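Below you'll find only one chain, the form predicted alone, shown as structure tokens.
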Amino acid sequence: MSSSKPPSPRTEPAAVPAAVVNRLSLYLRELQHLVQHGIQTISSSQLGERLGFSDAQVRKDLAHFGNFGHPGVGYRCDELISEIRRILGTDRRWSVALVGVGNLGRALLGYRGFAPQGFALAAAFDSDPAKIGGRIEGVEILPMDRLSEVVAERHIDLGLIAVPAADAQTAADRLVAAGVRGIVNFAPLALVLPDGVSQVGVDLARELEQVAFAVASRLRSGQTNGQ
């Protein structure tokens, strides 16, 4: 008789490389896309090919957490989606607080991709009196002095920081003091956070630099080969 209990992780979460976790998110998005188009199963080679990875890389990444394939079938898309969501922790609903309602903050409030992945922007905060009390996408803009109160009331665990770099550490300190346990920081600097609070930095200019490097490298290679 088969058990419905999910496979036990083979690797402690702290030992899983960040690159593997990043690829899990890519696998999840691609699997969700496949299901939307009526595809029910996929092999490791097919999944890897769609994302630019080898089949060995896909199998190695997933092997950190268990054995999810089926002989002669490959992966059942719905099943693997459920397992990856469980691994990533997005099989539950996460409430998120946004600090900073400038141009980027407004764009984040309007982003439609959070809810399907299990994230709800539960509150937004700003220090500009002209913005307080306004609403964006149904979310009221609240003053910073209510942050601790609202984080506790709405059981908020995660924070988004979309303030200028000079204000990012202060915003992070206030989120941590309020009880937030994970922060995504859009300011171009590394935050100093206590143990037990996780952070991910999203520097949009840095991402463009990476793309520019790849394009420039190809151009240089083409120029060299053409000489």
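No experiment lies behind these values; they were computed from the predicted model shown. Sequential numbering from 1, following the sequence displayed.
In what follows, reference is made to the form predicted together with a further copy of the same chain, a form of this protein that is not presented.
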item: Listed residue (142, 150, 87, 139) with a non-hydrogen atom within 4.5 angstroms of a further copy of the same chain in the predicted bound form; value: 87
item: Single option in 200, 35, 56, 63 placed near a further copy of the same chain in the predicted bound form, where near means a heavy atom within 4.5 Å; value: 200
item: Answer range among 142-150, 126-134, 113-121, 69-77 for contact with a further copy of the same chain, defined in the predicted bound form as heavy atoms within 4.5 Å; value: 113-121
item: Contact of residue 81 with a further copy of the same chain in the predicted bound form (heavy atom, 4.5 Å); value: no
item: Contact of residue 183 with a further copy of the same chain in the predicted bound form (heavy atom, 4.5 Å); value: yes
item: Any non-hydrogen atom of residue 160 within 4.5 angstroms of a further copy of the same chain in the predicted bound form; value: yes
item: Contact of residue 28 with a further copy of the same chain in the predicted bound form (heavy atom, 4.5 Å); value: yes
item: In the predicted bound form, residues of 198-221 near a further copy of the same chain [heavy atom within 4.5 Å]; value: 198, 199, 200, 202, 203, 204, 205, 206, 207, 208, 209, 210, 211, 212, 213, 214, 215, 216, 218, 219, 220
